[in-house]
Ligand code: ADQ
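Take a look at this single chain in structure tokens; it is the form predicted alone.
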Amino acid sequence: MEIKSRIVIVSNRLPLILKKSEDGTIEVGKGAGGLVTAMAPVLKNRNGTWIGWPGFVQKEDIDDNMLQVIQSSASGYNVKPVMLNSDELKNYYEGFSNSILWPLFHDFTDKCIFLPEYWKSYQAINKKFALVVCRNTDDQDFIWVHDYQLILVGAQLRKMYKRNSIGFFLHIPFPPIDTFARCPWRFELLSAMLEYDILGFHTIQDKRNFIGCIKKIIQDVQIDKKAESNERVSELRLGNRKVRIGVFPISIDYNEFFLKAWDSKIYKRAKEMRSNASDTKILLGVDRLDYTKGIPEKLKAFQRFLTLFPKFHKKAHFIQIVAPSRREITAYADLKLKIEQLVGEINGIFGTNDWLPVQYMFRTLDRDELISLYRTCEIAFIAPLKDGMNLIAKEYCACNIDEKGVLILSEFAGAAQQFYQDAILVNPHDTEGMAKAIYRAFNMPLEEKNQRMRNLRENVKTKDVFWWLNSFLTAAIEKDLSNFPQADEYFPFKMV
């Protein structure tokens, strides 16, 4: 597609990894991930700008030397940092974003801490981001705001009389009305979202949940019946304005993972890992430390699997990778302790001198090591209690070049809307059901494995992160939506 206007990306974090050493020098590395991969060429082609927090706390505003270091690391596009101090991070990021919005949007209302000071800080920081956007955009620029930390930015820009086309994409789920209604600032959040020209969600269900909240809380919005159907993009009317809402399931750079999986070093490492466990089938879990990821539930399911199917003792091995995250929040520290206790319990009950059922690693793996594991392990076990998309599932499929792997996936991951025909879907609250799913995956005929994985890989290949990017931008600028593709392939699967 041809994009005529300049694009400005606004996200909580810049696509850079910044560290400040003890002597005060700044070290800058390039960020990884599908969003960075997809956006970078578009921003380069359109002389675009990326606005966000550089990742470290500084009391003063950024100085010219630091700005030069940051800008030199972003090849081909502009970078504008938004500096935050420790108090702002505590109340805006750890507070409203991750102690209210994150648990609320993932249906964990018992973990929400509805403090007024969090709301005040969230408003102030969103305004701070909006001011940086306002100073660095022209009237014709397309402004694209990302994720739950910055919901209010669009409304703040409207207050500053910015009449640009502004889009917003939510990278996490959107909750149903019964959950969202618990938020004391529900009206303000929804009203702010309606200030955008286009809103993007991962799944049809997220879109329907949003519309349901609008009908109950805002009310004076005209909603066409088609908006609640399986149309990928539809419109709401607010007086003389229209707001487009669409379904755009995010993905990965398929070719990046596919080509890396063929690398000779990756092959050698995978072969080495496989030779060390020649008589063992390996189950792999890769998750960030978070109560939404269902890590304790997976461990309990594996324990139940070993209890129900003793013939797999010494023949099954579960590798669970947990990437450290938000350990300053009590709920996350408690979760880490619970995981470690479960790992110790399983290994204590079933382990022998020559067999450790669960290998637990609490660290972030580098890309090569992770892809080697994707290639080595027969099964990927991904069972979040609630997830926006889950890109680990897509990475595993892209790297499964011999097409012998099996994907066990939670019904409540956004990726299930795309993968429901070929992954083994599980309910993460059903320990017995997940144990039997592991047994089924281990015993699946090779021909069935090949066909399922081939279908999954084709799905990821054809609907990669560039497809996601083009879908959103096309929906943002297209005048006539009548020819826009429907969402039949994302229509919610039937839960049996």
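Residue positions are given as counts along the sequence shown, with the first one as 1. All values derive from a computational prediction rather than experimental measurement.
What comes next is about the form predicted in complex with the ligand, which is not displayed.
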item	value
The ligand contact in the predicted bound form: Phe305, any heavy atom under 4.5 Å	no
The ligand contact at Asp422 in the predicted bound form, heavy atom, 4.5 Å	no
The ligand contact in the predicted bound form: His171, any heavy atom under 4.5 Å	yes
Contact label in the predicted bound form: Arg288 to the ligand, heavy atom within 4.5 Å	yes
Output flag, Ala323, Leu365 and Ile392 jointly within 4.5 Å of the ligand in the predicted bound form, heavy atom basis	yes
The unique member of Gly405, Gly95, Gly388, Pro175 whose heavy atoms fall within 4.5 Å of the ligand in the predicted bound form	Gly388
Residue among Phe129, Phe210, Trp102, Phe180 with a heavy atom within 4.5 Å of the ligand in the predicted bound form	Trp102
Per-stretch contact check against the ligand in the predicted bound form, the hit in 188 to 196, 370 to 378, 85 to 93, 331 to 339 (non-hydrogen atom, 4.5 angstroms)	370 to 378
